[in-house]
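In the form predicted alone, a lone chain appears below as structure tokens.
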């Protein structure tokens, strides 16, 4: 039986980072994966979605060529080729991860990993079985789509995000259940391609965890693109039409009154994800799981109640973000190697690839008010930013949240061009307790989009320089 210093179960953005980092720290590392390296994020989530979204952005820009004093005729797209481009990007990245694992001396095993005891893992392949032992084990088994117990949810017209990404032909119409991050990104993407999209959301607002001012532009753009949006709505049943499509029945949540039923060719279930710990054997060896979700309980060192066993990523519940899983991997390995490192969630950026993009980090304005934290809010619209105007995309704004007494930046958000890239500067400021003055004292290149962050920092104090009172 092979023995290792660290064995990692799951090769997603948490697991493969843990394996590479552990090997670079001198540990003998095993990585177990039942499917492809990169996990859901790389193969069936973050990367393929963004590849398709980028193509739709190009298509939209071509349609708007006259805005840039250009002309184009017979503008069209080939969805099958869009999917092929997406697949090429994913394949290239998977091969890159495989090379990194090999070059760093990580031993990889294909199969389903399962605890036998606190130091032994059984790896089940199609026609064989292997066992290995490890001094330390990291569970990184990720998550799976949440399924709602709606009558008709088992019908062939219902799909999850993975099936939606695998389509090679676009449906004429699509109903999306859930207006969270996944639902909103898919709605933006498919609406750009001319699909008749209907969004159904149980809560009263889309992207309900964000401040309302951050979501208004996205909601307005969806409606302008023809998306039919029903918030405060609960789907009660779905049935197959004579043509093989879906007839969706729903009601108003507040009144309980039934609403007119909706027809769609396909239904996308986008109501979130839940930790995937089933079949791991964690509970059988005494690892503590959270009762309702099945998530593996961990402390801020990423340890389970069995101290040499760690868990990272979506399987721990909480913030189900690829970059959180990767950072948790670093924290776990550092602790395994004897360097105490605690996980800090104070400055975790959130990036949403809608139209326009939205990104946020740290304390929101609503959270500050709810917790009676005295704040100053600085804002600057991209309409006052030269680079945004040159790009032809000046919608949106930057918002910074600073403590009223100390001027320390507690959070911030960006809606508009490059939002998912710009949030990194704000994240760095929040992570290191910088003040708005620290940002304004930093020279920002001109003309660039980050100048809007500097202007919002000025607005926290004396007022933005390039904005009239």
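Numbering follows the first chain given and starts at 1. Being a predicted model, the structure only gives us computed values, none of them experimental.
Below, we turn to the form predicted in complex with a small molecule, even though it does not appear here.
Should residue 348 be classed as touching the small molecule in the predicted bound form when contacts are defined as heavy atoms within 4.5 Å?
Flag for residue 348 set to no.
Does the small molecule get within 4.5 angstroms of any non-hydrogen atom of residue 170 in the predicted bound form?
No, no contact at 4.5 Å.
Is residue 198 a contact residue for the small molecule in the predicted bound form, using a 4.5 Å heavy atom cut-off?
Output for residue 198 is no: heavy atoms all beyond 4.5 Å of the small molecule.
Is residue 291 close to the small molecule in the predicted bound form, meaning a heavy atom pair under 4.5 Å apart or at it?
No - in the predicted bound form, heavy atoms of residue 291 and the small molecule never come within 4.5 Å of each other.
For the spot marked by 388, 418 and 464, is every residue within 4.5 Å of the small molecule in the predicted bound form through some heavy atom?
Answer is no for this spot.
Find the only residue in 190, 380, 353, 109 having a heavy atom within 4.5 Å of the small molecule in the predicted bound form.
Looking at 190, 380, 353, 109 one by one, just 353 meets the 4.5 Å heavy-atom criterion.
Ok, 331, 309, 363, 271: which has a heavy atom sitting within 4.5 Å of the small molecule in the predicted bound form?
Residue within 4.5 Å of the partner: 271.
Okay, which stretch from 337-345, 176-184, 365-373, 81-89 lines the small molecule in the predicted bound form, with non-hydrogen atoms inside 4.5 Å?
Looking at the other structure, the answer is 176-184.
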